[in-house]
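Shown below, as structure tokens, is a lone chain in the form predicted on its own; questions about how it binds or moves come after it.
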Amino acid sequence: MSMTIALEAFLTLPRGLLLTLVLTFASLAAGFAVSVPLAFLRASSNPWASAPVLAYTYAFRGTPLLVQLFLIYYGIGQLPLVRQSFLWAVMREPFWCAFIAFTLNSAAHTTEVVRGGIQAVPRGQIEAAKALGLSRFHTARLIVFPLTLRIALPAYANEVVGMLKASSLASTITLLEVTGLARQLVSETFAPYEVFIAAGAFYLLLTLLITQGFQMLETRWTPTANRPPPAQPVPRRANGKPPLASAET
């Protein structure tokens, strides 16, 4: 193992971190915005509202993200209707193709995560909102959605980490994010071992930061009643010695 090449990799790969983070979090934000209304439709008891969303999530969760990316980047761009329209300005750019593919895939997964959270909201909370005279929209916005966020947060953390790792697929359509830069460096140095270990270290660091951030959110959003009681100070005797053990102990 060459330490010189490993050091060069650690100095080169951070140039791709910005693109990795932009692709990951922009896709997650857009996917989350799309998934919230879809999740309410998916949780609906009306089959006309739920079935189309189920078909969408089933298709995107059931096929590899790489296939979806290739279909959008290589497939849609071949359609004359797209090449002769204003869409060509977007579809010819690999960044926007990756963004669209990642957004659609993330929205499908997040829809099911949020749907599970909606269905896990205690029925009593909804009945209480009805008793207070809240409309269905206000019940969904003020009661169901905040509780759903809290319930679905651990599962959504897995989706965020998964999307971070999936962003490496953007390198297959010429984008030079962390993995793309790593592949370029390997082609110059012929040292895949050192370069990909460095790339893996960067992904591991980002994953650690994301999981720590979600753990802080979970702690902050945990109801006070469910938190363990704070440790009580041990009373001491007048002479400064610890209290005597009780007879039972």
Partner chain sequence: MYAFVDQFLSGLKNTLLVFALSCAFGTLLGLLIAVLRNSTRKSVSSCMRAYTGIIRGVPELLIILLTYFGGTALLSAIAGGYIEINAFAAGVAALTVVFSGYAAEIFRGAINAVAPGQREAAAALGLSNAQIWFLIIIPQMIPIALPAFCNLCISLIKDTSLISVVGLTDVMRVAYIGAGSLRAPLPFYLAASAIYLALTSLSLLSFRLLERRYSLPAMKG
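Numbering follows the first chain given and starts at 1. Remember, it's a predicted structure, so these values are computed and weren't measured experimentally.
The protein also exists as the form predicted in complex with the partner chain; that form is not presented, and the subsequent description refers to it.
Enquirer: Among 37-45, 214-222, 53-61, 22-30, which stretch has residues with heavy atoms no more than 4.5 Å from the partner chain in the predicted bound form?
Expert: Stretch 53-61 is the one.
Enquirer: Evaluate T174 for contact with the partner chain in the predicted bound form, applying a 4.5 angstroms cut-off between non-hydrogen atoms, and reply yes or no.
Expert: No, T174 sits far enough from the partner chain in the predicted bound form that none of its heavy atoms falls within 4.5 Å.
Enquirer: For Y74, is any heavy atom within 4.5 Å of the partner chain in the predicted bound form, or not?
Expert: Contact with the partner chain, yes.
Enquirer: So in the predicted bound form, does A49 come within 4.5 Å of the partner chain, heavy atom to heavy atom?
Expert: Answer no; every heavy atom of A49 is more than 4.5 Å from the partner chain in the predicted bound form.
Enquirer: If we define contact as a non-hydrogen atom of the residue within 4.5 angstroms of the partner, is T189 a contact of the partner chain in the predicted bound form?
Expert: Because no heavy atom of T189 falls inside 4.5 Å of the partner chain in the predicted bound form, the answer is no.
Enquirer: Identify, from the list K165, H138, K130, R150, the residue with a heavy atom within 4.5 Å of the partner chain in the predicted bound form.
Expert: Of the listed residues, the single hit is K165.
Enquirer: Which residues, if any, of 202-222 lie within 4.5 Å of the partner chain in the predicted bound form when only heavy atoms count?
Expert: Residues within 4.5 Å: Y203, L204, T207.
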